[in-house]
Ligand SMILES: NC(=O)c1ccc[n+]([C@@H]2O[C@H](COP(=O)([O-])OP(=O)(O)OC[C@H]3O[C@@H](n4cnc5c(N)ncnc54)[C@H](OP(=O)(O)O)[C@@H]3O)[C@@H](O)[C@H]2O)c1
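Only one chain comes next, encoded as structure tokens, the form predicted on its own.
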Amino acid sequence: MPKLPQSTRGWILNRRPVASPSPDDVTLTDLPLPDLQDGQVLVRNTHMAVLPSMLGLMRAGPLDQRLGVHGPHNPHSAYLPYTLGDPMTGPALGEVLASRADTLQPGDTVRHMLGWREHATAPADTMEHIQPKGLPPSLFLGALGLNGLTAYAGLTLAATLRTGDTVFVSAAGGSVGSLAGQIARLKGAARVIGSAGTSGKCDRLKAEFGFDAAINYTDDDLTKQLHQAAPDGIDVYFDNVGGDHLHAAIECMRHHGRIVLCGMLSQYLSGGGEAGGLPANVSAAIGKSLTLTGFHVFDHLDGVPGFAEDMPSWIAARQITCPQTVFDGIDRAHEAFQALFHGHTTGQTLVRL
């Protein structure tokens, strides 16, 4: 049996960022690996995911309370803000190197929440055994993971997507938005519109992901562009941004339209200030009889009818594209995280370890 590592490298949080993330917020350091106890496994991480919501976990405090990240009335309080001086966490994929549990064996592929490090020791019952069945394992951190489930459940459950709907997706080049637009098309939407921040991303939305129209929100007034892309209005808005995007969507919604509040990227970047809050025209939701639904994927971790069947079959049939931006090496993990907020990534952002 090869000698097992006694330590690993991982990222710890030094200070809480105020605005955009900075390299000074974190440190890559050596972390001890405790001896295996009964029921535990040692995992060598192969991939980790970085997510915009991690900025809220770094900040903690009032922003997390407003976004509902944790608290006594949130059943998902296990997804807690990061503690200063401790290793950060997040979705990761790895290979079991050693096991003192009956349920997992060396060589097994597992998905878990101890990312931001090269190795992890944890109870086996906190690890999910993954069987790729010919699909790229990294997809289990994206289309076959929380992001795919978020897009699928957000559309089919929260938005009650109907055949013939016109759908608008903000941050459509991101990890959730790029999948949401494609799922909407596959589930019968008549027209799918996405927003992104560069002309290159807008081109990809149409050419690779099957969007009918793409709006570059840096080009012109967002509401004007959305009216032009959907002159008859929109039925469903999948909101990953909030702020000006939510304002534009409310302006363009048809009566009895449905808005899914999935993410508030503008609020993450503003530090939770008013710039990322509810828009001034939110009262129009009354006159238009709109439905605004707060949506969190942790309400659906037990699975959604159809997801486990639809997503793998779509991928295998090449009916859906799963974009990834991959950074190599634990040293580049925070660089990958920063890239999320500068428009330098498309689809799921991963670090290959």
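The numbering used is simple: start at 1 and walk along the sequence shown. This is a predicted model, so every value here is computed, not measured.
The form predicted together with this ligand exists for this protein as well; it is not shown, and the discussion that follows is about that form.
Proximity to this ligand in the model of the complex holds for none of Val43, Ala120 and Pro123, with the criterion being a heavy atom within 4.5 Å.
For this ligand in the model of the complex, the listed stretch (194 to 202, 99 to 107, 112 to 120, 155 to 163) containing residues with heavy atoms inside 4.5 Å is 194 to 202. Using a 4.5 angstroms threshold between heavy atoms, Pro52 counts as touching this ligand in the model of the complex.
The closest non-hydrogen atom of Gly343 lies within 4.5 Å of this ligand in the model of the complex. Though the partner is left out of this view, Val297 does reach within 4.5 Å of this ligand in the model of the complex, counting heavy atoms only.
Interface membership of Leu265, defined by any non-hydrogen atom within 4.5 Å of this ligand in the model of the complex, is confirmed. In summary, among the residues Gly181, Gly142, Gly174, Gly257, the only one with a non-hydrogen atom within 4.5 Å of this ligand in the model of the complex is Gly174.
Annotation for 132 to 155: interface residues with this ligand in the model of the complex are Asn147, Thr150 [heavy atom within 4.5 Å].
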